[in-house]
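To begin, one chain is listed below as structure tokens, in the form predicted alone.
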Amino acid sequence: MATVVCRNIVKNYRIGADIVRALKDVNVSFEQGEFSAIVGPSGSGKSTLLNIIGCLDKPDQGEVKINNIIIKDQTKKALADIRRDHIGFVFQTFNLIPVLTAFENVNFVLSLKNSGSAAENRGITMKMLEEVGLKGLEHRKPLELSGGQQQRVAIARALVKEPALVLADEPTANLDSRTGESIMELMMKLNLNKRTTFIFSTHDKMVMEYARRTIDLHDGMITNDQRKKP
């Protein structure tokens, strides 16, 4: 399961002599199985909030709890274990390993978990690459793929271990509309069948339409939090 609670989150960045107030006393929580989008203009704090939820960054003030685990109390190793076992990430910049093929980038995640045999992991990896539309491209390295194809590898890598929580930063930014819709359908299927919690940051109206909850973030503050009627 994946429940997330953020209480009184404050995050500041220093740029030269200036202090940028990225998040200002943010309070928000997510229940298991949510399919939510954090929306707002560039610089509103969307990516910062995702990074804090994903244990990649720490708030200056406030508290984050994932499944009742207080994140600030955890060691670096414990945080790494949480990210490895329970959280899937989709980054705007893909963050693929350039010397590995598409297959190897995705399969590597399963090998870290040590949850199945090599043969089982190969089968799971190939199935996931096919589901994101990369059948036949599994042996290409990132630089041999288009931006959209690299994004699909990143999405496959995030979903292949069936994490309890998926954090996706602009997941459709480099995809055409048809591929974007297929990726959102795949994510929604996993959300419904596995009760995987999805939190997106996005400018994409299509992602907002798929989301069952939209959270507006402006200048580091939540200005609206709306759930769609069933």
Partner chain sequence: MTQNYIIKMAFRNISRNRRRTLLSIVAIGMAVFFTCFMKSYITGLWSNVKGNTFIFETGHIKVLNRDYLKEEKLMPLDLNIDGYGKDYTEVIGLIKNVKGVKQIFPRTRFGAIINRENGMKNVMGFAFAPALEKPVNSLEAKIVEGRMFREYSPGQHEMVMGRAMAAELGVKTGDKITLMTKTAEEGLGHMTFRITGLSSYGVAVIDKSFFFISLSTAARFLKMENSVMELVIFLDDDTKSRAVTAEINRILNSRPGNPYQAYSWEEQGNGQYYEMFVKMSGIYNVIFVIFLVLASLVIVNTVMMVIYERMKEIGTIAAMGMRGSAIVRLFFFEAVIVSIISSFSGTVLGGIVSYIASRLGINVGKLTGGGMSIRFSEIIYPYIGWDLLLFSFVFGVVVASVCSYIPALRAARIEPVEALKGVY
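Numbering follows the first chain given and starts at 1. Take the two forms, superpose them, and find the largest set of C-alpha atoms that agree within 1.5 Å; that set is the rigid core. Please read all numbers here as calculations on a predicted model, not as lab measurements.
Another form, the form predicted in complex with its partner chain, is not on view; read the next lines as being about it.
Among residues of the shown chain, Asp57 is one whose heavy atoms approach its partner chain to within 4.5 Å in the model of the complex. Interface residue remark: Gly136 is not counted as part of the site for its partner chain in the model of the complex, having no heavy atom within 4.5 Å.
Looking at Thr101, you'd find a heavy atom of it within 4.5 angstroms of its partner chain in the model of the complex. Residue contact check for Asn51: one or more of its heavy atoms lie within 4.5 Å of its partner chain in the model of the complex. In summary, among the residues Met126, Val109, Leu145, Ile71, the only one with a non-hydrogen atom within 4.5 Å of its partner chain in the model of the complex is Val109. Shown without its partner, the chain has Lys141, Arg157 in segment 136-159 as residues with a non-hydrogen atom within 4.5 angstroms of its partner chain in the model of the complex. With the core held fixed, Lys161 shows a CA shift of 2 Å or greater between this form and the one not shown. After superposition on the rigid core, the Cα atom of Ile71 is displaced by less than 2 Å between this form and the one not shown. Taking 2 Å as the criterion, Leu143 counts as shifted between this form and the one not shown: its C-alpha moves by at least this amount when the rigid core is aligned. Compared with the form shown, the Gln151-Asn191 C-alpha separation decreases in the model of the complex, the change being 3 Å or greater.
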